[in-house]
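You are given structure tokens for the same protein chain in two forms, set apart as structure 1 and structure 2.
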Structure 1
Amino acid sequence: MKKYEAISAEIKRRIMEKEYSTDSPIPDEISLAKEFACSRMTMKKALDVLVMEGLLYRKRGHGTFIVKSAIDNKLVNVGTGESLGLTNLLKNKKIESKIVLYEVMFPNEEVASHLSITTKTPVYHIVRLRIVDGEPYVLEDTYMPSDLISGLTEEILHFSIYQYIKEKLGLTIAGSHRKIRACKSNELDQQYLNCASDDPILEVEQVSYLNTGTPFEYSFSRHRYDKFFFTAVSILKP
């Protein structure tokens, strides 16, 4: 992890745990740079990350402030630029995974196209229920090429797949392309997410890439509407 990323993660922790007041600006860049023993440029880059995630905003002449709506502890704030996985988003929560389906199969044309492989390339097909502090949050339906993400076992699926990819396989996750849509709940949502038949579902269709540009994941994540919100931040150039 680069220094600015580590600093950004620590400031994010402080924000989410309410160590900074939301009624006044956070410490200025010079003070923070001194505290973290880094250059002002590094500190600016760390804060820029949190601005892009929708956690901070800058008010010219007044300082950098916390976006109050982004620290509602009842909801998970997912920035549209984030591809860290649920475990990284909720580091202070107890996260469990219930395996609904785990198989190796040949993909159909749609899945193969999104993963830039042929229909003769085996893929893992995984359906997992992600449980946070005892409550169902997300139902994930995921496809990954088995030759690229090798050695994926049921034991690993109970924890963080992204962590396995980074730490055990030594691969670098670069980012993802997402489509976010509102859907009606289906039978699986009602069974595993405890949704009512008239509850909406926030579905995220995602293709994730390694730093080589190779797609390694095609997934559909079905989020409970009362547990998540997604933020998108537009920065206008003067």
Structure 2
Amino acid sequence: MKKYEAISAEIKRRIMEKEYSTDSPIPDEISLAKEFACSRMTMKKALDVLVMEGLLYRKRGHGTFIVKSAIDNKLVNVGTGESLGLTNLLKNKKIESKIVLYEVMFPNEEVASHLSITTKTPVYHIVRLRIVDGEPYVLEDTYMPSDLISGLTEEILHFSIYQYIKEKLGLTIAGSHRKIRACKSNELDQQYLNCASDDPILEVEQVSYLNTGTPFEYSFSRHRYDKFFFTAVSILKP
């Protein structure tokens, strides 16, 4: 365990257990560094983690304060650090996948540009219905370069593509860029998500990339509006 992570976890525990008052600042960085026997830079890095999570806020010249709304609403640890993929997000649920479409094709201009490839590079085109605890949840429309994500089988599609990429292909997923919007449901949504024609859809458009910077996935996840919301933490610069 890295030192700053251990310290960060301990401070977080103290905040959650209300061992620090929310009306006055927590101890200053130098005192905390002394207590945890580390340098001030390391202490700062430990606190940075909690600032990023929206749990702490610093006031220059004053001190470091607890964000009251965070502790009350337990909203921490969402946003930029979370894992990708339903399989990771819902570890305790039973997830099934129904394969609606599975083909290899040449991408159109739009798909190609998001994947940083040409329209001559073949891609997998996969449409999967993800079913959580027996209920239809999200319809995923995914494009992946077939030379990059090689060896896909229906068996993998029934489980987790991300896990295959990480564990079998040995690739490292670095992050993603997303757009979240509301839209009307189309016939495909209604058919597979079992929703009414006036039920809205929460759509997440996403480009995911590997730790080489290469995009490996361009996808549209269409969620039932009653099964999903997206959370985010914004930290403004002073």
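Here, rigid core means the biggest group of C-alpha atoms that superpose within 1.5 Å across both forms. Each residue is numbered by where it sits in the sequence of structure 1, with counting from 1. Model, not experiment: these values are computed from the prediction.
In this pair, the copy labelled structure 1 belongs to the form predicted on its own. Remark: with the core as the superposition reference, the CA shift of Thr42 between the two structures reaches 2 Å or more. Core-superposed comparison between the two structures: the Cα of Lys179 travels less than 2 Å. The two forms, fitted on the rigid core, differ between the two structures by less than 2 Å at the CA of Glu203. Look at Gly54: with the core superposed, its C-alpha moves 7.5 Å between the two structures. Core-based alignment between the two structures gives a C-alpha movement of 17.0 Å at Glu17.
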